[in-house]
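There is one chain below, alone, in structure tokens, taken in the form predicted alone.
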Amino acid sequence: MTPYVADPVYLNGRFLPLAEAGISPLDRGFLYGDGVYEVIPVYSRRAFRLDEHLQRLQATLGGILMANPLPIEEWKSVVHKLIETAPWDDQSIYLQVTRGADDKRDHAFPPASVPPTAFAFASPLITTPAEVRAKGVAAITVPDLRWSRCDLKVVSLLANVLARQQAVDQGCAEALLIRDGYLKEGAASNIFIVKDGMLLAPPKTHLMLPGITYDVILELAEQHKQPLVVREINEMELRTADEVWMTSSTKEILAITTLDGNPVGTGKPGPYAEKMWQWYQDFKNTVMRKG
């Protein structure tokens, strides 16, 4: 066990200490990034929208032509076991499936007799500190150089990693990905903007990962009658927005107050971000924590 990964972890049908979990160096996840993953937030030891996360896992597996190694009910049992044995009430459950380890390196799929590798573990769910949220964070824009199936939650994340590191190297929290003049998402988050009181969100397409937190934001906007439009957002609209937010299960709603060195709006978190953050907290306490 480490401060970030609880014992036991799950690996190919067994629960065992992290230190004893071993995967072949010929595993295709290691050699090719040939695999998928899912991250499930847990509040007060209750997995949030577990069915939706497992459906997204299945959709990604189908998208890369890989069989699911476990029935949905068995995945649920794995998740519940990890939740029960981890020391934290709020957690992040990580699931990963790769195409397994053949006896050679070959781009073509291995024989059907090669079993996939299924791995899962629990980590603490760490959200944004209040002092960071109060000030907002800086971000940069970068060209979106990823492949064209960004809707699949695959482990081959090198383009996202490089974009995020470019942001870190410039003292920023996130890199916003621009493709053909339009905002898609962040390297590890979804992005919303506010202009003249209207909340704008990029649409779910094959060029954006459909985030579960993204769905919650849309639902909360509708519930609280916040004006909302889901459509493509061009780069000029992004740069002239009154507010820009990054959202994820760990970031929740976090205002971006500086973009490429220029202030967003007033350069401080705006009123719409604060309202949405409060709605999110109310939803978390009344729904997410209640199961």
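In this text the structure is predicted, and so the values were computed from the model without any measurement. We number the residues from 1 along the sequence you see.
Beyond what is shown, the protein has a form predicted together with N-(5'-phosphopyridoxyl)-D-alanine (PDD); the following relates to that form.
Residue-level contacts in the predicted bound form: of 97, 139, 187, 194, one residue has a heavy atom within 4.5 Å of N-(5'-phosphopyridoxyl)-D-alanine (PDD), and it is 187.
Only one of 146, 164, 179, 133 comes within 4.5 Å of N-(5'-phosphopyridoxyl)-D-alanine (PDD) in the predicted bound form through a heavy atom, and that residue is 146. Of the candidate stretches 231-239, 255-263, 61-69, 33-41, only 33-41 contains residues with a heavy atom within 4.5 Å of N-(5'-phosphopyridoxyl)-D-alanine (PDD) in the predicted bound form. The closest heavy atom approach of residue 156 to N-(5'-phosphopyridoxyl)-D-alanine (PDD) in the predicted bound form falls outside 4.5 Å. N-(5'-phosphopyridoxyl)-D-alanine (PDD) is not shown here, but in the predicted bound form it comes within 4.5 Å of a heavy atom of residue 53. Although the partner is absent here, residue 123 lies well away from N-(5'-phosphopyridoxyl)-D-alanine (PDD) in the predicted bound form, with no heavy atom inside 4.5 Å. The shortest heavy atom separation between residue 212 and N-(5'-phosphopyridoxyl)-D-alanine (PDD) in the predicted bound form is within 4.5 Å. Residues 247, 248, 249, 250 are the ones in 241-267 with at least one heavy atom within 4.5 Å of N-(5'-phosphopyridoxyl)-D-alanine (PDD) in the predicted bound form, listed in sequence order.
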